[in-house]
Every structure is written in C-alpha cells, then in structure tokens.
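One chain follows as structure tokens, the form predicted on its own.
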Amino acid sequence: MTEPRASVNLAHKLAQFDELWTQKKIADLNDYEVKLAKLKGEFIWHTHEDTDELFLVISGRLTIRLRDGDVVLEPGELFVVPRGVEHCPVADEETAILLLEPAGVLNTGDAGGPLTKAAEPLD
C-alpha cells in the first residue's frame, strides 16, 4: 500500500479514479482503513451496528440523511455517524470524501444488496 514515511496526496489519489460510490483504500491506520470515494446521487439507507463511520468532505457537498434530520457537510467539514444509526448519504453534485472506518466494513452496512462493495486498494 503506502510506503512508510511517504505522504499521501489526496488530489493525486482522487485523480486516479472516476467510479462513483466505490471506496478506494489509500492507507491503513492500526485496524482502520482510510478510504476515498466519489459520490453523486443518493445511496441507500443502512446501518453499521458495530462501528462509527467518519465522513470528511474534500470537495462538493454531502448531505447525510438521518431519521431525525439531515446533516449537511461542506468541504473541510466532517461528521461521525454513530454505530447503529441508520443513515443515507446524498450528493446533489459530484462530491469527494474521505472515510475512516475499521478494516473490512462494507459500504452498505447491514443492508447488503447489489451496491455492496469492499474497499479497493488504490496504489
């Protein structure tokens, strides 16, 4: 993956892919994965029962729908969805995000289905 003591340029990594709603692993942090994704449109409602999920907006705008109200994130803002909280990410424009979650967490959480994808390593 990443060489020890090598920096990771987020803009360079984001330029390496165009797929939407596909998480790309760019680093490991203990038992966690640091991932990038590009989003546009609406994902699915899902829950991660065993872990929190950190969303950091790099560019664009992300709305995280929660059953009790929405959280809107602009570039440079982050939000942690607590474990067990049902949520649905929505991006009206193409949005680049950084995610931090334990290794092996699936993007669709407990919902499963055709959108389920494991994070793909990005060299």
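Predicted, not measured: the structure shown is a model, and the values here were computed from it. Don't overthink the numbering: it's just position in the shown sequence, from 1.
What comes next is about the form predicted together with a further copy of the same chain, which does not appear here.
- Using a 4.5 angstroms limit between non-hydrogen atoms, residue 59 is distant from a further copy of the same chain in the predicted complex.
- In the predicted complex, a further copy of the same chain lies farther than 4.5 Å from every heavy atom of residue 112.
- a further copy of the same chain in the predicted complex comes within 4.5 Å of a heavy atom belonging to residue 51.
- Residue contact check for residue 10: one or more of its heavy atoms lie within 4.5 Å of a further copy of the same chain in the predicted complex.
- Of all the residues from 64-82, those having a non-hydrogen atom no more than 4.5 Å from a further copy of the same chain in the predicted complex are 66, 68, 71, 72, 73, 76, 77, 78, 79, 80, 82.
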